[in-house]
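Presented below, as structure tokens, is a lone chain in the form predicted alone.
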């Protein structure tokens, strides 16, 4: 009997992923402006799905207010850039500030359970929205623009934002994957399954949940800052809209709740649906809602959860596998 984590499928997946990332890094040298911009959007969607999945899928902290971090990430970037900081440096620094704020919020938010936590996050997002409206720089719902980006030529700016989104996505996925494979990652899943039982075997629930809460806040803030750089304009009602969390929930539900691969797959499905059907207006939104409902009823583990259950394949393994050598067992 042997215990291992990696399989040949997972090793092949990581080799292919490294190749895809290398090719993506070269995309600006041969792709059209439209392709570059759409891929930037895809990278942001992957970040959003992975961060919401980190909270809800692995920790059971279902939030309907993650637009709080998304909006604050963009707002912090606007504020720092207005103070004279380079806009790309402001994006990173702004996400760091939101991570610090997430730590402060965790001191009381993580004492809430289930529905209380979900609604509490939505209330916090609404309060943040109102507070940002009071900032004279933002001018209420009129909003403002990230005018510091005008220092860059439009072509150079498009490529820099693309690379920033690619680096952000790869870095955050790698960080989340590494954290999930540590004892803290296993502890978070134990808390999700039964917090009292996890506490009884020595897990520190509050410290573990705080780690994931801050990570999700930081990652979602990075996505908000990247979206701001992509569209340049900041209007509070757009960035603090609950639609962002609805998108995150859709991507994770369809791809696979609590599955690392599921969040990525869900983001790809949502991106494809948006690309092909967004022009249909209301029918597009109805279709998204219907798809989420059908997946919840028929495939509650999501598409990747269904595939993994039927095939036993794990392309990005987080836990351990026990392999029994049947020949050795038979010979004994």
Partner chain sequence: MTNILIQAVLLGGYYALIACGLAFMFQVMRVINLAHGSLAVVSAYAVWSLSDSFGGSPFVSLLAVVPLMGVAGWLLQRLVLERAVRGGELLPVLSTFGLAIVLDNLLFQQFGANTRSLSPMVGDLSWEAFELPGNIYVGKLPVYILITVIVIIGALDLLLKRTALGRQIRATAADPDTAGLVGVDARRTAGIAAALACMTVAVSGAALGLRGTFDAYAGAPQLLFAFEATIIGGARSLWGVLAGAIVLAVAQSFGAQIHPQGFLLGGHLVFLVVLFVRLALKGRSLNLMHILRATGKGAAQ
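Keep in mind that this is a model prediction, so the values were computed, not measured. Residue numbers count along the first chain shown, from 1.
Unshown form predicted in complex with its partner chain; subsequent notes refer to it.
At a distance threshold of 4.5 angstroms between non-hydrogen atoms, residue 122 is in contact with its partner chain in the predicted bound form.
Among residues of the shown chain, residue 253 is one whose heavy atoms approach its partner chain to within 4.5 Å in the predicted bound form. Contact check for residue 226: no non-hydrogen atom falls within 4.5 Å of its partner chain in the predicted bound form. In the predicted bound form, no heavy atom of residue 277 sits within 4.5 Å of its partner chain. Listed stretches are 52-60, 259-267, 302-310, 25-33; the contact stretch with its partner chain in the predicted bound form is 52-60, by a heavy atom cutoff of 4.5 Å.
Just one of 176, 169, 249, 161 comes within 4.5 Å of its partner chain in the predicted bound form, counting any heavy atom, and that one is 249. Applying a 4.5 Å heavy atom cutoff to its partner chain in the predicted bound form picks out 282, 283, 285, 286, 289, 290, 292, 293, 296, 297, 298 from 262-298, in order along the sequence.
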